[in-house]
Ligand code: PEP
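One chain comes next, on its own, written out as structure tokens in the form predicted on its own.
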């Protein structure tokens, strides 16, 4: 249930009203927007009389929410969520609202020279975040699985060397203690419905990048986000990374219609991964630009300094030079969309 509060209502009265509602067995989420204060009631609201609420002097409107996700719902939180992340260089990066966040780096950390060189190159080109995998979920048990804790150490060394915050995937909740200096924790497509993991990340204060499963609906993605939000962590970033199709020409099918759909249904930032979606480096620039035009709040792009020799997903990785050229086009598109990189 959503309760819209009348403009200009005193904060103390709204707080007292919220406490009164909670005595009826529901949890109240208060969202203070630029022009509207909204109370989101979570729990069993069947016994709450909407007509009685409308009679209260603070209440402007009462709406019963039909969707199963509540905290992720834009009705609960009308204004876009922005996520601010401080980097080791002292600068603050933003995701959501009028900002376009760019994450770039190799699929996996392979060596110190590789990750530091890529980190410096993508930051120089204008990326706000360095991506890189230390733990890699692979379909085949014989494929490169990442360097593990040693790879995480190298990623954090690159973070310090280049002065750029990092994004990396957490596969096992038992590794969470190793991620203390990671700036954004990624939940991969295979773990989107690992509810034990999501619940634990709900108790974290770190931003969580949640990738859509390759056979999951938009509602299922939002319900997965709900697990994290319900735990108390409001810093969730949704990622469209392609869904499975019958056509093997590309690795996946990039569902760009998910971007406006998610933006309509939810207040959470939405980014796009054109690298995993297509699996083909030559398609990445076009799909990255299309994602921005569709309204994405950011991109996560695979960049490798020697794609032909990459230990993981070299065929979908672009070079630092190609990334720098793409950033020029993205800046122009961001201006058109009213966003800032």
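Numbering follows the first chain given and starts at 1. Note that the structure is a prediction, hence the values are computed from the model and not measured.
Keep in mind the form predicted in complex with this ligand is missing from the figure; the text below concerns it.
Scanning 149, 260, 137, 163 against this ligand in the predicted bound form with a 4.5 Å heavy atom cut-off leaves one residue, 137. In summary, among the residues 145, 233, 186, 73, the only one with a non-hydrogen atom within 4.5 Å of this ligand in the predicted bound form is 186. Using a 4.5 Å cutoff between non-hydrogen atoms, residue 297 does not count as a contact of this ligand in the predicted bound form. Although the partner is absent here, residue 190 sits close enough that one of its heavy atoms falls within 4.5 Å of this ligand in the predicted bound form. In the predicted bound form, none of the heavy atoms of residue 110 sits within 4.5 Å of a heavy atom of this ligand. At the 4.5 Å threshold, heavy atoms of residue 211 reach this ligand in the predicted bound form. None of 113-121, 87-95, 176-184, 129-137 except one has non-hydrogen atoms within 4.5 angstroms of this ligand in the predicted bound form; the exception is 129-137. The partner is not shown here, but in the predicted bound form the stretch 266-293 reaches within 4.5 angstroms of this ligand through a heavy atom at 273, 276.
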